[in-house]
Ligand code: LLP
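Take a look at this one chain, the form predicted alone, written out in structure tokens.
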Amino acid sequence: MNNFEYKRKILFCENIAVEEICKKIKTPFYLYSSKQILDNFDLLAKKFKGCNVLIAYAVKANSNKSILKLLAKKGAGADVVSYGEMSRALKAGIPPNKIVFSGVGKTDLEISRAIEHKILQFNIESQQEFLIIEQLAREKKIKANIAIRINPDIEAGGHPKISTGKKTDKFGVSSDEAIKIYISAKNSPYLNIVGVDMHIGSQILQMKPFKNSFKKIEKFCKELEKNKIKIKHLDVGGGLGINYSSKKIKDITKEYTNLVKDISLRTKKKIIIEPGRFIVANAGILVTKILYKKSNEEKKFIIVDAGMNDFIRPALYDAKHLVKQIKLNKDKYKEEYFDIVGPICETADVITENAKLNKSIERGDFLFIEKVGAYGSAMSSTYNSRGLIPEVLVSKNMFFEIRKKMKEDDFLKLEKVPSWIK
């Protein structure tokens, strides 16, 4: 997190002290560094220079329009899984011919809109979906670009809830079934076979799963060629993880990008990768304020104003995120261990256990949760009737509220009471 650092024991985001932002924006709020987002994108883009590689940002990681706009200006594509995400990507300036549409449950409306926009490709995940896309393309008399997502039955090594490439997962089809779908698609005048797709999971920190899956997708392409089916795109998915802990772990970025470059040069096909977490995770923090301190015989607690509705990863995935102070105390020897918990009426509303903080911290002091730019705000909810919190973007010495706080009255306006209750 090079663009979040302490200067004179005060946390800065780029050139702005975070406590200055806290004076203008009420906590809790998400805070992003635009420079960090662009640096992360450039780190990949520079390594692929001279290769036919499309970086299709996984919009689900963080779908804020301002972030999409930053990436669009850099030439990024988009991996989307809903019409809402596709609409956001298009409005942010990402062209249709750089958009891939993934997901197992595409609706007829979503498919129709994507066909009309002539997106780069659909990543088809079932026989029935294939038939519906063909039917809707025929009705519109527009050729739909398609790829079939194959399920390679590979263990990615991450949390089971973010595994997507095993036979027991809901994603994709077997290689044998995919071959049958491709042969059927070959005979349709309204389908244009352009690629093969594979995605094995998220937060992958070892090279072995990538190497195994890349071998399988290449082998599958050779099977297609035996059936006289030629493709132009290999979509190898995303999944490149980041280090959330304070411990040093091996960085596989160089090995991963070399593997992608190698398959690009060897196959002479367009390679599509779908990074999300890698681009935005370490570009965001969640700023929160201490409401109360309490203790019992077993634990010391700090209760903050950010809850699991704002940031669900620890409750959902047992995700570990470091929690630190916005302003460091000079006496580093007077530290204690606290469980940082939120205000939601759920035992699971624990941000982290045993955070090491200065014991002098008080009600009203500010803390922050590290590396929450991916799957933080995007997965937030209004549980306990709490409004969605603001998002703030920093660029050098400027900051802007890129999403206003959703007030309680805002979602009450969406609800209607039937006359028979009145």
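The structure displayed is predicted, hence computed values, not measured ones. Residue indices: 1-based, along the sequence shown.
As for the form predicted in complex with the named molecule, it is not shown, yet the points below apply to it.
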Does any heavy atom of residue 203 come within 4.5 Å of a heavy atom of the named molecule in the model of the complex? yes
Can you tell me if residue 106 lies within 4.5 angstroms of the named molecule in the model of the complex, counting non-hydrogen atoms only? no
Would residue 375 count as a contact of the named molecule in the model of the complex, using a 4.5 angstroms cut-off between non-hydrogen atoms? yes
Looking at the partner-bound form in the model of the complex, is residue 317 within 4.5 Å of the named molecule by any heavy atom? yes
Options 106-114, 183-191, 272-280, 88-96; stretch whose heavy atom lies within 4.5 Å of the named molecule in the model of the complex: 272-280
So in the model of the complex, are 9, 35 and 326 all sitting within 4.5 Å of the named molecule, heavy atoms only? no
Select from the listed residues 240, 285, 234, 341 the one whose heavy atoms reach within 4.5 Å of the named molecule in the model of the complex. 240
Of 313, 289, 261, 216, which residue is found within 4.5 angstroms of the named molecule in the model of the complex when only non-hydrogen atoms are counted? 313
Using a 4.5 Å cut-off on heavy atoms, what residues in 5-27 are near the named molecule in the model of the complex? none
